[in-house]
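We've got the same protein chain twice here, in two forms, each standing alone as structure tokens: structure 1 and structure 2.
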Structure 1
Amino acid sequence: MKPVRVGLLGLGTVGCGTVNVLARNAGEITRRAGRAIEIEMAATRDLSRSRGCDTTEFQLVQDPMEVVENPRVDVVVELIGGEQRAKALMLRAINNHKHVVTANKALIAVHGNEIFAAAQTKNVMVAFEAAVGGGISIIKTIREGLAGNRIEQIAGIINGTANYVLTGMRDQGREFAEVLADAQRLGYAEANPSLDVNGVDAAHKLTILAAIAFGIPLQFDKVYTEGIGQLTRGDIKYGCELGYQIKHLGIARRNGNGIEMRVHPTLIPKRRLIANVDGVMNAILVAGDAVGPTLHYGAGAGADPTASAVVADIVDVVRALTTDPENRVPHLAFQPGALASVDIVAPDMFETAYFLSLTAVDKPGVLADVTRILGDLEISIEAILQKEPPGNENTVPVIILTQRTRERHMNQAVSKIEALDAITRPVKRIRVEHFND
């Protein structure tokens, strides 16, 4: 049987990793796929630049459209990133009846509904395992391995840069900007790390996970998103004193009003496994009604882990080339006509516990005023931590841990607390999740 020929769009870190994995494991890959997989052509902006992979066995071009239009290419692998250009190339490849593999989470999260509809019309596959979790294979796990379950909840550390920064702040007692600079120097963060630290990268990934878990269309614009830039080493220290770690999580879960989709810093009890995932590693908790809670851990980025997912997608495409299109695994796990129209829960309807950090004038009665405000809104207090005034200042840090309440009630409470004359700074809130239900 003749080899399946692949065209690569992009020869950066992941592109070269894909070349290396296909070459290094060619025999094993052929045995698994049933046919040899060969790179026919690759597009790269700089033809003369030295790379960490051998490109002598295939043609290099600068224009990615040459790859997409090449009649010898069976599968196009998009690794250039971005949205509009990548979208145009993918839609053109699909129109040319080529199967497509991508690691581009922004592209799938924002334009996936359109791309999947085009692919269905042309009876081709779009594979995107590498878009979430690097080498963890979480998409295949949810879409296929847990197909017998009603998924109740997903919660994940899905951005390695944010996790590295929070780990460094905790272990080294340093502030956000210092640890982020280290992450950039070590190559864990981009020169412009805004998508990572502002939570947008995690929101892209959560959009995809929620769609395949709950059988809903991709809805990136409805993900509530907070980054980690406002966190201080004091927040992390006080969280630790109360028995919690702070992690930047993507959370998608069912509740009585629909589906919650949110990305934000989260306090997790130290005893939970996911609270102990450090550095650039990823971990994703998936809870199903039959299997219960499962935790999936591994490298979320890097050349070889991401290339592992890309090559696995290529193998899946090759295996399905002769399959009746009606019997292929659906892109979003559920049959296209069976995607549900479920409400996405508005942020003020979220229900969680809270860590509140206040700066208050050191005088009698302030704490009583704060607790009265919380009590009037039926917000129960779990713990209070009041620290000594720093230096000669007349203000003190006060930490309050609440029990679960609606976000709208907490919004009201925070507004009233900030209106007190004795509260000198905006109240900081961090949501708390226990993952024990």
Structure 2
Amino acid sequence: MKPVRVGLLGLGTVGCGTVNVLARNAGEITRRAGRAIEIEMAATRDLSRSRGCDTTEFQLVQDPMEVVENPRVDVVVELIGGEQRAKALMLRAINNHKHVVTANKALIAVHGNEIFAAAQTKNVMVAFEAAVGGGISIIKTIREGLAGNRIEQIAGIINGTANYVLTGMRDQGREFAEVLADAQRLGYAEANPSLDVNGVDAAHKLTILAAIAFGIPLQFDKVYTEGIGQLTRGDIKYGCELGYQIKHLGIARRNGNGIEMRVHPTLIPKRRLIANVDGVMNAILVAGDAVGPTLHYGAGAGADPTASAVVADIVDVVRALTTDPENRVPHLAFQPGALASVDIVAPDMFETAYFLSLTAVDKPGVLADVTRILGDLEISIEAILQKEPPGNENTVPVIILTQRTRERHMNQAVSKIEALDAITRPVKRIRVEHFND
């Protein structure tokens, strides 16, 4: 089948991320979508600028209208941001019967009602997963996964830059402006970073979330909005001393009189999961009457995470163009003929660290025997604890934390340790995962 041809508007942080993800994962993406996806043309203001992606495989132009007018382009991906120009381009693309994918939250929040109406008359898709929560697929989750619920509340850290700034001020005691400059350098902030600081970016995103959660039109002008510009390191420190973290939240919830939509700094008890979401990470709590509270977490900004959502939307469009409409998403995510035969790793080849709990007779040389067994199998020890014996027993609990090793080495080690006369009970092992790589 012929590849689907994409026209990109914008080759900034997210545009280049999209080029890279499409190239890096081309094989798997084709197996999921049912057709290859190729970039036909990309529009960028500065043709000569060096950038972090390979642009040699497609045509570069300066005028984005050339992309939306190009009859070879099937799907337009709008990543230039801003409102008026992006809106004109998107409406033109829709008018030309092209499906559109966008990461532009301002455009959807402010002009979405008009854009969706136009798309409906032309029978084309407008996909905007990347507009909220970066790489978290929160739009799809609310719209599809939680479709059986009456949504009661949404509360989210939905601006990665603001969260990065607050975390940097709290953890490193750094100045607001200095951390914000880092967020800009890392590609998290908007082209106009005051949108991140004054809460408007979060308000755009909350507008979209509230619309899909409660089935209401997009109403950006009704969102109460405060930014983080007034917060000092003192506020953050004193909040911490009282047991709270300060987070910039977007909240949309039903109350007896209607729906509240508000964006502002908020103190949250430290024990709440959402209070521990730091740096550029976003997290969105969605509470439904059937499912209860759910929390969705991931990188909220940056090239690859945002591109992850953009590419997912492109795949959705391609599936709709390609497959039987009644069987649009393959049951196993990949097209039925494209399932791969890959070995499943046998348990003895698993690799993990271990917490070992031993019961040992309290006499000299026992620990030396145990550590020798581990050493002979090249299992490194991270920590050892010998605890007080419970009651009057002459055995003691010994806890050993190891570094990562293969399961089969640990199986051998445990057999040998259990064979020692001084080990009186089976060794209990609990696997340890740090999730830090």
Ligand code: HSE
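Each residue is numbered by where it sits in the sequence of structure 1, with counting from 1. Note that the structure is a prediction, hence the values are computed from the model and not measured. If you superpose the two forms and keep the largest set of C-alpha atoms that fall within 1.5 Å, you have the rigid core.
In this pair, structure 1 matches the form predicted alone, whereas the other structure does not. Core-superposed comparison between structure 1 and structure 2: the C-alpha position of G173 differs by no less than 2 Å. Shown in the overlay between structure 1 and structure 2, fitted on the rigid core, is a CA shift at S137 smaller than 2 Å. Once both forms are fitted on their rigid core, the CA atom of T121 lies less than 2 Å apart between structure 1 and structure 2. In the core-superposed comparison between structure 1 and structure 2, the CA atom of A368 travels 67.8 Å.
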